[in-house]
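For reference, the chain that follows is the form predicted alone, supplied as structure tokens.
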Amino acid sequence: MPHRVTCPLDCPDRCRLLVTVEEGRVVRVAGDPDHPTTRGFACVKTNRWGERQHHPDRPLYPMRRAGPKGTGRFERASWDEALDEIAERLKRVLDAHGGQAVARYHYAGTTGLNEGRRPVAFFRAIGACELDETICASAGGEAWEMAYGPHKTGTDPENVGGAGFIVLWGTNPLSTNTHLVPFLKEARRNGAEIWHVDPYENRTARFADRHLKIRPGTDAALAYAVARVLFEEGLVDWGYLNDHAEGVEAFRAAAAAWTPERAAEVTGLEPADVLELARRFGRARPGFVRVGYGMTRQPGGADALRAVILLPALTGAWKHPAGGALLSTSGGFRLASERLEGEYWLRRASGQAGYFRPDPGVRTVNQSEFASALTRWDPPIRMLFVFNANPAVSTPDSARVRAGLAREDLFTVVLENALSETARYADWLLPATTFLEHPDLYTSYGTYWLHWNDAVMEPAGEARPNTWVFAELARRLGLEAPELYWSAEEAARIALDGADHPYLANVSFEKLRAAGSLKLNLPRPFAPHAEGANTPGGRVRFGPPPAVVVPETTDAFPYLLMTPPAHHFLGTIYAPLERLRAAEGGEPEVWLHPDDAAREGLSSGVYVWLESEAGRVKRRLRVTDRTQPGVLVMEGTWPADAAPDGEPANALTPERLTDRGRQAVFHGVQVRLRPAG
């Protein structure tokens, strides 16, 4: 009999799965056919979870470093040895240097409330550095907050089948949001056209009725040109704007400067494409825009996203359940999580709303500047804990990150269920459980469903949950706060029982556990911004008008490099699986347009060096018109050992930040290339 569980990985779909376990091994993974969003299929990645669960390189016991950092040489130890030594080292660091010499690095290796978020309370209890979680979504989050307020509540994807015209803008749902696709197909059957705005041809571009191959980072220019046409041709909903928006005239004045011809010159599109996009969106009843975080990973990414997501407000599309925009649904889950994450241990700046930010006096590590935190801070970080993340590969200037991890005066503890690149630098590598081996509560950022998993397998070897590890360390440090020791069930009850929002009315832990998955109590019909926004004044904010920041190249670095997700990977979580590597071509490639290849005298299959201000990598070349002149594409966060030179793509990514959100510019890296010889 298969077990019903929820996938915990960093994906908007939050699939409900049927996992069959026989004699302690996962033998089958499938999508739950009875779940309204999963609809009986799992993605090509999660179908292979059994291979990931039982991978021969999975750490199964506590291990102490037994060789130089980075070599991955360890010797087995007991849990008592590991915890005693880590706690003793932590006490010495705290006594000698204070909590600000201790740092944490984590992200969404699991998105569970317990194993993903609750460990933060331990670090706040000891006064450790804060972590500014900018590696993925902070620029998009701040853009949404400026326009619609602090809680990201977009269109319910289950309503998208009723949209009259759909724009998939800066997103590739056929690879990264596959369970939206049935709703897109439903809309198409109902007569909707689907357009895709993206700088290169991916699976979604081939699925769409029309693909606009926009130059990277020019999205705001296109959005303004669309807005100008909407204003000029009487396609705006002045009733909605007058009742529910502010700053419209300033936005209109900014848009007036962007004729379709000017926008075409900047974006690389045809003026007729700009006009047709605006007219189709303005005349649709209603129009819907699915935006992704990809466009925010440009120098002006936050304002670019803000310009795009304001378009449905211009047309009044928010008044319809199928209209509006969707970046994230995460704002619908108003759980009482403050105590679980220990926020009360930090001082709060007065009047702050929205995303939690520590007081400026708290030493804070920006994930996007992690290389500098490890190599340039004075006084230095002396003890580091890493869980649910692989920063040696996923963070900018990754060669310098690894140099920081290699410091002999940095004591590093890594909690992992794979032998990742970061794990190889650990002084102690602690075996972590997977989502099948521990209970947890899951929200979502692509659906409005809440989930609970019970453990369905015994932990492999001596693997333990993250929360267990930090509770054991807390005991050894003599910490008394009860929330550090709550069980997963206790924490879930507190998060649900303490929630004071109508979306969670009558959602008790008992009901959730019995059902496994419950939809939030959304209003019916659900049109989240039909009556305005979550801003303090309740109005959609068009001001200050978004800036147009177009990424530039130089003579020294004449190409822009994008590193979007690969179809068969999710970060580096599935990178150990040879079948998925083979499906992606066996090794990382860089795509070059035929016009550039002819000028450079290069052909498919040769190896080239890519060089940026941060570093260089060696890659196999593919010449293809799926990209565009001047733009290189390198799909996927490949593990370092798959590359011919052992360098991940982020060795090229500098510590340059976006206009808002303090996020790395992953998709606008200036590079040059030359033959590898």
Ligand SMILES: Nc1nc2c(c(=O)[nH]1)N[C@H]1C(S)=C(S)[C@@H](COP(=O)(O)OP(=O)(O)OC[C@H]3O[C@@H](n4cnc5c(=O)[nH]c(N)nc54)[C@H](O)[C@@H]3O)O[C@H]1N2
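One-based numbering along the sequence shown. Computed from a predicted structure; not experimentally measured.
The same protein has a further form, the form predicted in complex with this ligand, not shown here; the description that follows concerns it.
Enquirer: Please identify the residue among Thr637, Thr38, Thr46, Gln53 with any heavy atom within 4.5 Å of this ligand in the predicted bound form.
Expert: Exactly one listed residue reaches within 4.5 Å, namely Thr637.
Enquirer: Quick one: of Asn159, Asn390, Ser517, Ser337, which gets a non-hydrogen atom within 4.5 angstroms of this ligand in the predicted bound form?
Expert: Selected option: Asn390.
Enquirer: Among the candidate stretches 313-321, 529-537, 109-117, 374-382, which one is within 4.5 Å of this ligand in the predicted bound form when only heavy atoms are counted?
Expert: This holds for exactly one stretch, 109-117.
Enquirer: Looking in the predicted bound form, is this ligand within 4.5 angstroms of a heavy atom from every one of Cys129, Gly361 and Asn366?
Expert: Not one of the three qualifies.
Enquirer: Heavy atoms within 4.5 Å of this ligand in the predicted bound form: does His438 have any?
Expert: The answer is yes: His438 has a heavy atom within 4.5 Å of this ligand.
Enquirer: Is Asn172 close enough to this ligand in the predicted bound form to count, meaning some heavy atom within 4.5 Å?
Expert: Flag for Asn172 set to yes.
Enquirer: Should Pro565 be counted as a contact of this ligand in the predicted bound form, where contact means heavy atoms within 4.5 Å?
Expert: The answer is yes: Pro565 has a heavy atom within 4.5 Å of this ligand.
Enquirer: Although this ligand is absent from this view, report whether His667 comes within 4.5 Å of it in the predicted bound form, heavy atoms only.
Expert: Yes - in the predicted bound form, heavy atoms of His667 and this ligand come within 4.5 Å of each other.
Enquirer: With the partner left out here, which residues of 197-213 have a non-hydrogen atom within 4.5 Å of this ligand in the predicted bound form?
Expert: The stretch touches the partner through Val197, Asp198, Pro199, Tyr200, Asn202.
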